[in-house]
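The data below hold one chain only, encoded as structure tokens and taken in the form predicted alone.
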């Protein structure tokens, strides 16, 4: 997170402003990625007028960073009408796409939107691996063609690489591919449970040995996928805020589904209200669920508050903890990552037996944190 954005986050936290929003325009997609946590059927998406009205409400509420995502954003025929309205409201616009549907005409129109960035999912430098993950034959070739059209027009392109067991060995190849395109590169080893609570896809995640390699790879420094997952600093002194505020979800950031449901974060599926019945600013300010999330400090976390890792090596996600049954509890996924960074067994791993270190790993102690990658 840059110093400017950090200062904006501080101010937004102090004033109660929703600095950033991710709006998923649709869950429909032309790919069926093996790790995707979404239900791709359309259960009644907001229409064009509803979304444009929502954008007006968000602008009035003080939203500055707007990420349009999906599903696949270009599955909506009104995408450019929506995006142009967003730009007319002066949002700092970020787009997430698989780029399969981007041809010259679409690339020209995206260039005209002047987005801050366009993030494209690239899972491998090998077509057969990427296509096996996306389940769309030819998607690798088409995604790269769309990325190249954007790069040629001077659009900032980011290759986003989710690491799984079946593509872990390819991340250096994707890095090289991004460099060839003049694109930035982000990597994330987090596999998220399905929105309906199904955790079976977590089996796709990489193991401790692979995590150790990732966390110790100096080429991956600074490749965190989302700046808003940093701890908000808030109105407190920085060192106090780092200890007191678990994350930015519900503090300076929220997520909105295609159906108008508002959540603290895309990885925090706690319903806080629906925009078809309640104004955005009223949900943000007055939702009991949103205010409950805001009320939680590290001191309210019975396990994590006593853990030596809460001072910097653990990026605990309250959303993942919520999906494990308790938003005030530890997230076993993040406990595993913190353990991998440090080699020190922590309280949260004892609270979650499935997160206990594999045999023999108790003796592994990583080198100094100079080469630690901080995701989220």
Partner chain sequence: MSTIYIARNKDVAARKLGGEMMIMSGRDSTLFSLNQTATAIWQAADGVTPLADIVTGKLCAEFDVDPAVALRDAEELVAGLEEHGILKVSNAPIVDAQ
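All values derive from a computational prediction rather than experimental measurement. Numbering follows the first chain given and starts at 1.
Keep in mind the form predicted in complex with its partner chain is missing from the figure; the text below concerns it.
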{"item": "The single option of 151, 89, 202, 211 touching its partner chain in the predicted bound form, heavy atom within 4.5 Å", "value": "89"}
{"item": "Single option in 176, 128, 116, 108 placed near its partner chain in the predicted bound form, where near means a heavy atom within 4.5 Å", "value": "116"}
{"item": "Stretch in contact, per heavy atom within 4.5 angstroms of its partner chain in the predicted bound form, of 23 to 31, 64 to 72, 316 to 324, 37 to 45", "value": "64 to 72"}
{"item": "Residue 156: touches its partner chain in the predicted bound form, heavy atom cutoff 4.5 angstroms", "value": "yes"}
{"item": "145, 160 and 187 all contacting its partner chain in the predicted bound form, non-hydrogen atom within 4.5 Å", "value": "no"}
{"item": "Contact set, 3 to 33 vs its partner chain in the predicted bound form - heavy atom within 4.5 angstroms", "value": "4, 5, 8, 11, 12, 15, 17, 19"}
